[in-house]
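Subsequent text provides structure tokens for two forms of one protein chain, presented individually as structure 1 and structure 2.
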Structure 1
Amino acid sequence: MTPVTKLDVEQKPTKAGNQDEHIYGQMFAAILEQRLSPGTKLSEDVLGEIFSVSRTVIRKILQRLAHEKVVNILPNRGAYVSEPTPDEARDVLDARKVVEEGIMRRVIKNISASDIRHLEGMLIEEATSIERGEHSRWVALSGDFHLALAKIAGNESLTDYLRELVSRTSLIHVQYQSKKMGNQSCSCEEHGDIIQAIREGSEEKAVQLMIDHLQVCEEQLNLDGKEPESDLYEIFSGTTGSDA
């Protein structure tokens, strides 16, 4: 799981089957790791040249990313890295509270000893990445922790949906990270607390810890300042001559 530093285009002429998947992974990682900032235009021609494929395959991948809400496709205008609005951000975090409560209740019922060891291992990785100051790696690992819980819960549909929500959460963190970043390591401790509650088998405690954890995540964001574009209509409503 090397996060790929520079869009590393590896040609695989022998096996064309997972070429798509490879390019998709590159672009997905590039967006989540903030190497492509929100709003960046994703030109079909340029991407096609970078990956040495035709626009056809690029278009397919862009459409997939668009369905996952990671990029935004405007008709006849092209694809852009998503710029989630504060409303979208709130929806995503709220949806996570709903989904992850359900996941947690199912985790408590399904959890095995090896599952717990796996979670503990992830926790150590997280702590290590924080110590080393590898921010984007920590973001990825933090997401992996939640996805690991979803997998333990054993519902594939919920897992896929949470994967989308986690991706969007990363984009949101990038765009709305507040100034007071000191308590980032908290998340790691909170993950530890959650594991402890799971160990004890106390469902309500685990659920509450998870919801609180997501609440903290939301409150760390700066969702009140900038609301790009959408507000233009409100801002300038009534200022144009023709309008009532």
Structure 2
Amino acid sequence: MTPVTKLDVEQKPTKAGNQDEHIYGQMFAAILEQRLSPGTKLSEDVLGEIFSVSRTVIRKILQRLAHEKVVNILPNRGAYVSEPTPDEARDVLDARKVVEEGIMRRVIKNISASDIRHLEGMLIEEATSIERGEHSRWVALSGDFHLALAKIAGNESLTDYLRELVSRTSLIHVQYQSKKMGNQSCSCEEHGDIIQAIREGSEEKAVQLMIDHLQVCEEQLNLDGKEPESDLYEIFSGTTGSDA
């Protein structure tokens, strides 16, 4: 599991409210970017030392994260990064399909030229992170792409709910990612296809591309507890002699 002490801590704001938001943002990002693994203990004392704040401040932030279902607070045991069950994982992924279908339909109605340029800029950042092998940054940017679409949709409640679902999805991927991981560049290309459908104003196409994209993400997970069967052709391809 990723130690809590690896949190990236920036200079602290002076105002209490801004300070709380800063710490919350750092912890949320560490979960979203998969730097905090499911089951990691979130010690109030350690976090208080890292961020130079009281346990009371940390406790309030942990309670906020627990409300968003990315942290579990257990009586007499403390706080831990949530460990979604397979059923919870399926529920989250199904909820994302429903929510993001609604978001896409609103995006088609609200999109502007500047919005499209912004999404295209995000796509370039995604591709760059993949080329550089920056997995954590790619994970964060991929989530940000979906949240940017929610913002364009113009429904604050949908955006808040999707933010929770995206962070929970990140935990799900850490816990259930299949050994046969999907190609990150393919996911980036799928985002590009979605942008193109939005540019064309094709609502049904954009919705279907988003649903397909989320389905591919789900298929990369090992939610049934079974390891995929080995492909003998893939394993031994190129290893046999010409006389075999």
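All figures in this text were calculated on a predicted structure; none of them were measured in a lab. In this text, rigid core is short for the largest set of C-alphas that superpose within 1.5 Å between two forms. Numbering for residues begins at 1 and runs along the sequence of structure 1.
Two forms of the same chain are shown on their own. Structure 2 is the form predicted alone.
Glu33 is among the residues whose C-alpha shifts by 2 Å or more between structures 1 and 2 once the rigid core is aligned. Shown in the overlay between structures 1 and 2, fitted on the rigid core, is a CA shift at Val53 of 2 Å or greater.
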